[in-house]
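This document starts with one chain, in the form predicted alone, laid out as C-alpha cells.
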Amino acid sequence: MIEILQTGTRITLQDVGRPGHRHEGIPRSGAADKLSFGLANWMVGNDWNTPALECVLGGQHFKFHKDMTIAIAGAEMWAQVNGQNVSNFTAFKVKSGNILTLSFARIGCRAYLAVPGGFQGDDFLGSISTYLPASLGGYKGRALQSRDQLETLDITTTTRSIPKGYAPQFSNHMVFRALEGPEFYDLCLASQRNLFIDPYEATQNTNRMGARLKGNKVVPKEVTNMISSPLLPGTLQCPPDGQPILAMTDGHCTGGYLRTLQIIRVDLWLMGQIKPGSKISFRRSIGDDAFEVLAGRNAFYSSLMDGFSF
C-alpha cells in the first residue's frame, strides 16, 4: 500500500487514455507525457501502458507500507527516499515505512511514479485515466488527497535500467514541430511569419486542458465569426485578444477560434512538460516529414517497450 502524505500541486491516476470518443465530447486524456509514463512502467517490469501516478510541479510525499520496487521518470524534481537522493529515470527498492519526497520541478512539469502491477482505479470507457472536469475515472474521479491510500499488487517483476539514448533530456525552452492549421492562411502575413520566429511563454493559466501563451500577437486578416470546429491536442488557437491557446491532453473537443498550427504527433508527449514560465517555440514541419519522423520514433521506442507508440 502507498499512502499520500502530501499532494503537492496535484497527483492523478493515469493510463494511456480512452481514444475514440472525441465525437461524443470526451477527450482521450491519459498521461500528459506518454514517453516518461511508459519508461517509468517499463523500468518496473510492467507493460508500458499500466496505470501510474502523474505528479505535477513537485511537492509530493509518499509513504510505503510494504517493501517494493518503484520507478520515477519525467520532470526533474530532486527525489529523495528518507533524505537520500535517488536518480530520475531509475527504478529502486523501498522498504516499509520509507518516505519518498519530490521537490519542486526545476526542469519540466510532470513526473510519473510506477509500481509493479500498477494501480487500480475507476474504469470509464475502458480507461482509468482521471478526467477532472467531468470527475471521470481515476480515484473517485478526483485528484488524490492527503491520507488517500492506494493498494498495490503483491507481485514481483524484473527491474530494468534504461539503455543509453532512450531517456529524454528536458529543457525549460521547448521546441515543437508543427504543421499549418486549417485557418493558418486566414492570419495576416506578419502573424504567419512571427509564429515561427520568436518564442512564446506559458502563462499561469496553464493546465491539462490548455496552455495560454504570451508573446507576439496572432492577428487575422479580417475579423470573422467562425463556426465551432474539431480540436485536437496540439492545436494552437487564436482567440480575439491575439494571445494563442495551445490545446493540451484534456483539451476541448471543439472550439470556435482560428486553428493556426497543429503540433505533429511525435512531439505531443513533450506538451506534458509545459509549466507556467516555460518558453515555447514552433518549427515548421513540411510535407511528409511528420509521418516519417513518427514511424522512426515509434520503431525506436517500441524496440524497447513492446507495442509503444506516440
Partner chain sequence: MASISEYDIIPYGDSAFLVQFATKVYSETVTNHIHALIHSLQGHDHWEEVVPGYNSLLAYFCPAKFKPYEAKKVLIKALKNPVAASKSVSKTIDIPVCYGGEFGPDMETIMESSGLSQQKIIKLHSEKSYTVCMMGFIPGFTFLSEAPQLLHHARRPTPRTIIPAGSVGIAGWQTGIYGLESPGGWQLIGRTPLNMFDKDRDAPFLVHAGDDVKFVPISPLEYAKIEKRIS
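Remember, it's a predicted structure, so these values are computed and weren't measured experimentally. Residue numbers count along the first chain shown, from 1.
Beyond what is shown, the protein has a form predicted together with its partner chain; the following relates to that form.
> Would Thr235 count as touching its partner chain in the predicted bound form under a 4.5 Å heavy atom rule?
Looking in the predicted bound form, residue contacts with its partner chain include Thr235, since a heavy atom lies within 4.5 Å.
> When the contact criterion is heavy atoms within 4.5 Å, does Leu294 count as touching its partner chain in the predicted bound form?
Yes, Leu294 sits close enough to its partner chain in the predicted bound form that at least one of its heavy atoms falls within 4.5 Å.
> With heavy atoms only and a cut-off of 4.5 Å, decide whether Leu189 touches its partner chain in the predicted bound form.
Heavy-atom contact with its partner chain at 4.5 Å: absent for Leu189.
> Evaluate Ser229 for contact with its partner chain in the predicted bound form, applying a 4.5 angstroms cut-off between non-hydrogen atoms, and reply yes or no.
Because a heavy atom of Ser229 falls inside 4.5 Å of its partner chain in the predicted bound form, the answer is yes.
> Only one of these stretches, 78 to 86, 105 to 113, 149 to 157, 174 to 182, has heavy atoms within 4.5 Å of its partner chain in the predicted bound form; which one is it?
Selected range: 174 to 182.
> Go through Cys253, Ile280, Met248, Leu57 and name the one with a heavy atom inside 4.5 Å of its partner chain in the predicted bound form.
Flagged contact: Cys253.
> Can you pick the one in Ile197, Ala134, Ile99, Val219 that has a heavy atom within 4.5 Å of its partner chain in the predicted bound form?
Comparing distances to its partner chain in the predicted bound form, the residue within 4.5 Å is Ala134.
> Within 4.5 Å of its partner chain in the predicted bound form, counting any non-hydrogen atom, which residues from 1 to 38 show up?
Heavy-atom contacts to its partner chain in the predicted bound form: Pro19, Gly20, His21, Arg22, His23, Glu24, Gly25, Ile26, Arg28.
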